[in-house]
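The form predicted alone is given below as one chain in structure tokens.
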């Protein structure tokens, strides 16, 4: 505890300094809604037969100024203008229309890039609409017209933009995010270095991971095979990669115990990687001659045909242990229920939140969410992986402290009816993630 307190004070000081830097910035206009409607669709009242503005000398919006939008990739410009005489006819005014063309372009090149209904102000951010992108370094001309309810449109004079769009290397409004990332990366690399120096690190026990050796031993004693299903997703899924890593560790144990292994696959690429992982595991265990090329095989890409095939394997081969590790969908309950009826010990793990209830109720052990990703480090005890998990756990502990502190400060201010702790509350709550 004495080591954590100075670290928390250092983090709070850094975040407070970052907040001060952000408060010095100029406010940026709010993101407007993309105007996909035409000018006519903005009108709420159909025009009458006789225009109430007929013969009235109306003044168009003017004083157009264009400035580069700060803290972006160079694809936005801020267009400001002064209203014309529409304030005098507020009851008849509908919207501003912003037109744009490349500098020096013809009259046919004017494009309606945005419509600002009445009450939206006189500042427009050009570039939010993907249909009308702003190009970096290109000069534009703008003109603004005032549209009235009787379809009278008063067009302003064209003005060449005073600035062109340019990108920035760093978003100054996210200084606190940068500080937090540097702190978290520092913690991870700190535990990396400790792990490489051979420091002993404690990780809380996870029942599902600790039961893997027991489940493999049970299958060996019974003389029955082990079924390993690496999920139904493709190789681009993180859960599939984590499952294949665990498969290598399981296959090594299976090779040492001389137990049969069955690995059906739905995806051809996953099948190829799983085959190489199992073959390498037998080689590392010193029993390459015991590897059975038929133990890892491709079944089918059809979701429920694959499930039917796996269920048939369960009923015919009667495996003593079933592993369901990876990404699963609607087939999870069918697989786990069949395995439960066959009397096998079952260990499941997935980051699919909607499937976790089915695995929890039908399997003996379930790895929930990130426990699936941590299983490889638990099984191998490889220093770099251990250091990574320890660093991430420390980051999560700090976030939990900040969230708790922010909640307590909000409750204290609410009960006292004051805002004395608002500056600190903003740092440790919403402002950490900009």
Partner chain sequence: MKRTVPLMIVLVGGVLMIIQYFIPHRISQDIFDNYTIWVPIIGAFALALGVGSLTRLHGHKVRNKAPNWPYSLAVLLPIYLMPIFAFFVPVSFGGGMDEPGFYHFAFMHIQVPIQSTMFSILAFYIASAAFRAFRAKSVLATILLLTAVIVMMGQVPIGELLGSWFPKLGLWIIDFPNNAAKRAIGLGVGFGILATQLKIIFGVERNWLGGAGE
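Numbering follows the first chain given and starts at 1. Predicted, not measured: the structure shown is a model, and the values here were computed from it.
From this point on, the text means the form predicted together with its partner chain, which you will not see here.
Colleague: Just one stretch in 93-101, 153-161, 358-366, 254-262 has heavy atoms within 4.5 Å of its partner chain in the predicted bound form, so which one is it?
Modeller: Going by heavy atoms within 4.5 Å, the stretch is 358-366.
Colleague: Do heavy atoms from each of 87, 115 and 416 fall within 4.5 Å of its partner chain in the predicted bound form?
Modeller: So, no: the whole triplet misses its partner chain.
Colleague: So in the predicted bound form, does residue 174 come within 4.5 Å of its partner chain, heavy atom to heavy atom?
Modeller: Yes, residue 174 is a contact residue.
Colleague: Taking heavy atoms only, is residue 244 within 4.5 angstroms of its partner chain in the predicted bound form?
Modeller: Judged by the heavy-atom cut-off of 4.5 Å, residue 244 is in contact with its partner chain in the predicted bound form.
Colleague: Even though the partner isn't displayed, in the predicted bound form is residue 353 close enough to its partner chain, meaning a heavy atom within 4.5 Å?
Modeller: Yes - in the predicted bound form, heavy atoms of residue 353 and its partner chain come within 4.5 Å of each other.
Colleague: Can any non-hydrogen atom of residue 384 be found within 4.5 angstroms of its partner chain in the predicted bound form?
Modeller: Answer yes; at least one heavy atom of residue 384 falls within 4.5 Å of its partner chain in the predicted bound form.
Colleague: Answer with one of 212, 235, 314, 285: the residue that has a non-hydrogen atom within 4.5 Å of its partner chain in the predicted bound form.
Modeller: Result of the distance check: 235.
Colleague: Consider the chain as shown here, without its partner, and state which of 121, 217, 105, 167 has a heavy atom within 4.5 Å of its partner chain in the predicted bound form.
Modeller: The option sitting close enough to the partner is 167.
Colleague: What residues in 373-403 sit within 4.5 Å of its partner chain in the predicted bound form, counting heavy atoms only?
Modeller: 373, 384, 385, 388, 392, 395, 396, 399, in sequence order.
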